[in-house]
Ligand SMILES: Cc1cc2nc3c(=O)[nH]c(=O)nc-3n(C[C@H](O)[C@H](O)[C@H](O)COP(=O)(O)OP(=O)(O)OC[C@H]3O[C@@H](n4cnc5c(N)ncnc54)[C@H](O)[C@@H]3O)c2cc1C
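Shown below, as structure tokens, is a lone chain in the form predicted alone; questions about how it binds or moves come after it.
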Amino acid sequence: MPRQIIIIGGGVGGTITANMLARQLRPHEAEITLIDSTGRHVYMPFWLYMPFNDSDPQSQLLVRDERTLLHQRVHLLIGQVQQIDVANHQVHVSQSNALEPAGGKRESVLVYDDLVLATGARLAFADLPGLEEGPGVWHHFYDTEGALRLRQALSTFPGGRIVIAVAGIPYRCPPAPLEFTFLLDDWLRQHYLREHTVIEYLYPLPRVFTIERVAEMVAPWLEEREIATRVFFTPEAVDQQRRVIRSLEGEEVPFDLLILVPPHRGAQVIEASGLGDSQGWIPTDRYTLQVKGQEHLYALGDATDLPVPKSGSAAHFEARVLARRLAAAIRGETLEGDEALYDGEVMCFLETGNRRATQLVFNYEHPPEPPRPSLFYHLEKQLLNHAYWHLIPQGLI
């Protein structure tokens, strides 16, 4: 009997894992099922640019049908995972049933031999008082709807005080708030609004970025652009009526337009199944990607508690290791060398404005040594934004 491998989550990590397993294992060795709640694959880095351009939310650069990205041997099940029963190796899934009246659901139970959790992160607005009232004077760019609302807000912004803040750590794509700040500075200059606008960047750590080496490099660039910074600012609440953001440290910062990275948590099903920590992140072995204390249960990407950025890049490299490890285990093979363990590898870009970018390459042992920002890295990132759909979900690179 082929082993039943179930992957929950059709983001970059889950999709790469499914495709690599389908290529590496024969049909009599494994059947592979990927469960995704929407069946639509979103390229999240594209959200960063949407407030500054007129791209269509249905653009092929942003979203595609997950089925078109999967190997033909991967079964795609579109549904919401309600519960993971580790003791009985079961996954409980709720699916919309088009044959029943509106709202009809079909419940099913899938049994697995090996389970991969690529359940990602979710925005937890309720964790910061003042956000649940809905976007009014505050905005974000961490989903399509948020990016579009921010685009609209910028289009009518007359000048004033813009505050960019991070609600808490961890959050997806750590460079994104810095990148947004630099791109915003460019956009305001292009629209003759910069001299009428104050930009202030708030960060919860004692520096402007999570990685000290990068923070030391970036801080002077912010100063050169007359972008004020305030560190050790951990948001406690947003008062939309008074237009101030308040910190745990006792400060209040006024704004005309607040752009905030919302609080993040692990997926609800992870919390509901008792598999996460207090924030819903899955305790995961940093090298093997096995869920701690569990057999035949693995996790990758944003869902984990690993000490690497919650980013598509980390999920990409984790997925390649996990697929190789899982395929080898099923065949009774032993992996050696670099193929055997995840070493914390991450490679991502950091837009620095003026059509320049730098590159961050690092792992658990070696911090990044970013090169000087240049047009080359900016163009390389733009190329990746287009090439992504043809190379990365398929696990070809």
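Quantities reported herein were computed from a predicted structural model and do not represent experimental measurements. In case it trips you up, residue 1 is the first one in the sequence shown, and so on.
This protein has a second form, the form predicted together with the named molecule, left out of what is shown; the following refers to that one.
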Worksheet, complete the sentence: Only one of 52 to 60, 37 to 45, 330 to 338, 356 to 364 has residues with a heavy atom within 4.5 Å of the named molecule in the model of the complex, and that stretch is 37 to 45
Worksheet, complete the sentence: Interface check vs the named molecule in the model of the complex: of 269, 326, 150, 178, the one with a heavy atom inside 4.5 Å is 269
Worksheet entry | Single option in 139, 320, 310, 265 placed near the named molecule in the model of the complex, where near means a heavy atom within 4.5 Å | 310
Worksheet item: Does residue 116 reach the named molecule in the model of the complex if we count a contact as any heavy atom within 4.5 Å?
Response: no
Discussion item. Taking the named molecule as it sits in the model of the complex, is residue 8 near enough to touch it, meaning that at least one heavy atom pair lies within 4.5 angstroms?
Written reply: yes
Worksheet item: With the partner left out of view, is residue 381 within 4.5 angstroms of the named molecule in the model of the complex by any non-hydrogen atom?
Response: yes
Worksheet item: Does any heavy atom of residue 315 come within 4.5 Å of a heavy atom of the named molecule in the model of the complex?
Response: yes
Worksheet item: Of 12 to 27, which residues get within 4.5 Å of the named molecule in the model of the complex if you count heavy atoms?
Response: 12, 13, 14
